[in-house]
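First comes one chain, alone, set out as structure tokens in the form predicted on its own.
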């Protein structure tokens, strides 16, 4: 476990130090202490600590501001610490989600000393657990001025490609009601599980809606993720509940998505259990165009929900940009190519400092 962080070091070495500092959600104090101490050693940064959130920013009076955000927590360790570096691949819990991105941010904070935009760095806790504990949400409620700017970059894993905006997500419970009876006289009841047949057929016939926004292609999804019902082995069930998750393109509002599902499952009782609107790409913003140019590659749509949506709701164009394959997040095999870490650092340094 690291005792200090050298923010100006190779960002790969910095990633190793962060990965080897366990920080499972709710236990981020040590890593937050390290980050805070290292940022306070830099010149020209205002640093604030609230709980296990560490905030830092420049105040150069520049006409625009870029916010960079990354969470410090990981999912529980799965026999994948300490880190291991082999053949240009760094293995370990959090290497993808998202300590590689955190290392890039910290290195930029120390090495981009003459930025073209004022910079804000947000290192927050509890992203991997219930949204009510998410440190970014706490900053939004208690220190909203720290989330103001012209572009937000969430350094979540994106394989070193700019992922613009994000999908929205909504979960609903589709409930069917029947009437109990003994299975020996099943005709005297109404089977609620059977009554979900039409809803399941609707899901089976679903065809993805594909939407292009700002050159980014979003593909919607609709999946049953859980089904419950049944009383006993000899009883016709009187209630069954199907849980459905809909991932929707950011041209839809949360209200649009809810309306769509209520119409799709007309005749059933539909209850919304979770709803997070998406984020439009926002690539027409000047700072976003500069970032795309610095990356040298075409941006793509983010097929999933990330905290960019929180920034978009505040009026900031927001993108995901960080090292690592997001499909490896939360797995025992989590690993990141070291060249992606360096690539992301170099792109941000070009964008922010004109290197």
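Positions refer to the first chain, counted from 1. What you see is a predicted model, and the numbers here were worked out from it, not measured in a lab.
FYI, the form predicted together with a further copy of the same chain isn't displayed, but the following is about it.
A.B. asks: Which one of these stretches, 297 to 305, 23 to 31, 41 to 49, 66 to 74, sits within 4.5 Å of a further copy of the same chain in the predicted complex when only heavy atoms are counted?
C.D. replies: Only one stretch passes the 4.5 Å heavy-atom test: 297 to 305.
A.B. asks: Heavy atom within 4.5 Å of a further copy of the same chain in the predicted complex: which of 228, 253, 78, 113?
C.D. replies: Partner contact (heavy atom, 4.5 Å) among the options: 228.
A.B. asks: Which one, 194, 262, 180, 138, lies within 4.5 Å of a further copy of the same chain in the predicted complex by heavy atoms?
C.D. replies: Contact residue from the list: 194.
A.B. asks: Can you confirm whether 223, 237 and 247, the three residues that make up this candidate site, all sit within 4.5 Å of a further copy of the same chain in the predicted complex, judged by heavy atoms?
C.D. replies: Answer is yes for this spot.
A.B. asks: Within 4.5 Å, heavy atoms only: does residue 143 come near a further copy of the same chain in the predicted complex?
C.D. replies: Contact check for residue 143: no, nothing within 4.5 Å of a further copy of the same chain in the predicted complex.
A.B. asks: Do residue 131 and a further copy of the same chain share at least one heavy atom pair within 4.5 Å in the predicted complex?
C.D. replies: Contact check for residue 131: no, nothing within 4.5 Å of a further copy of the same chain in the predicted complex.
A.B. asks: Is residue 283 one of the residues lying within 4.5 Å of a further copy of the same chain in the predicted complex, judged by heavy atom distances?
C.D. replies: Close contact is absent here: in the predicted complex, residue 283 is far from a further copy of the same chain, nothing within 4.5 Å, heavy atoms only.
A.B. asks: Though only this chain appears here, would residue 84 touch a further copy of the same chain in the predicted complex if you measure heavy atom gaps against 4.5 Å?
C.D. replies: So residue 84 does not count as contacting a further copy of the same chain.
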